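Quick heads-up: it's one chain on its own, the form predicted alone, in structure tokens.
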């Protein structure tokens, strides 16, 4: 049975075997493969990754797969936005070569029981607040890498901790994949673009811009306040807004993700935040 489709000039493939066969052909022709793994509900952040891949590789493959193993909250999996028709329309502007849209049983023909150990990288911040999340991320990304065998794989820096985990996974599994982190893409009011933004009510969306606004101000205050004072200021400033509730705000070393207690401890510091806006969790980060 053939599952290949052509929509607006792009080739859509749903089976692993067919995807592998097409990639083997590309590689036999000496072509480089760029890969953008997504869970759909695409926004300009995802499209910027696609654009970077198209620019720097002979072939670009985008996957759309909502991975069940990385959701520790079943309701979060159920409510995750699914907008396939709209996603394909957006992607057609950048004309990637292949769109891989598998069913769950294609990615996991058998239950994936692998347990990864990333030490501190997946036990702090998102890892601490969403147990098992990064193990699920590592499961699906390693599986997708095995199928696509890309030269370059593109990820957004909004998911800063996820990028760190994936880099470590590539190292641990000795995979020959270059991980390319791409800058955060923001709305006009500064809110980091996220698939979850569409789940916000009009008032929640309006007030969510307070998150990035506060982070940008924090960058300017870093010289005046010590680390603890600045962390407290950010949390208090955001929590003043009745629509927002800070889950955590940490300032960490950008490589080890160890908490920074003094500005002189680390050359490269990142402030990572998660804020609850109603039932929606939004993450963001800034570099100090």
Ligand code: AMP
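Residue numbers count along the first chain shown, from 1. Quantities reported herein were computed from a predicted structural model and do not represent experimental measurements.
We do not show the form predicted together with the named molecule, though everything after this point is about it.
Not one of 20, 59 and 98 places a heavy atom within 4.5 Å of the named molecule in the model of the complex. Contact check for residue 39: a non-hydrogen atom falls within 4.5 Å of the named molecule in the model of the complex. At the 4.5 Å threshold, heavy atoms of residue 102 stay clear of the named molecule in the model of the complex, well away from it. In the model of the complex, residue 127 stays away from the named molecule, with no heavy atom inside 4.5 Å.
Proximity of residue 184 to the named molecule in the model of the complex falls within the 4.5 Å heavy atom cutoff. Here the chain stands by itself, but in the model of the complex one stretch of 88-96, 210-218, 169-177, 148-156, 148-156, has heavy atoms within 4.5 Å of the named molecule. The contact with the named molecule in the model of the complex, taken as any heavy atom within 4.5 Å, belongs to 193 out of 84, 193, 77, 120.
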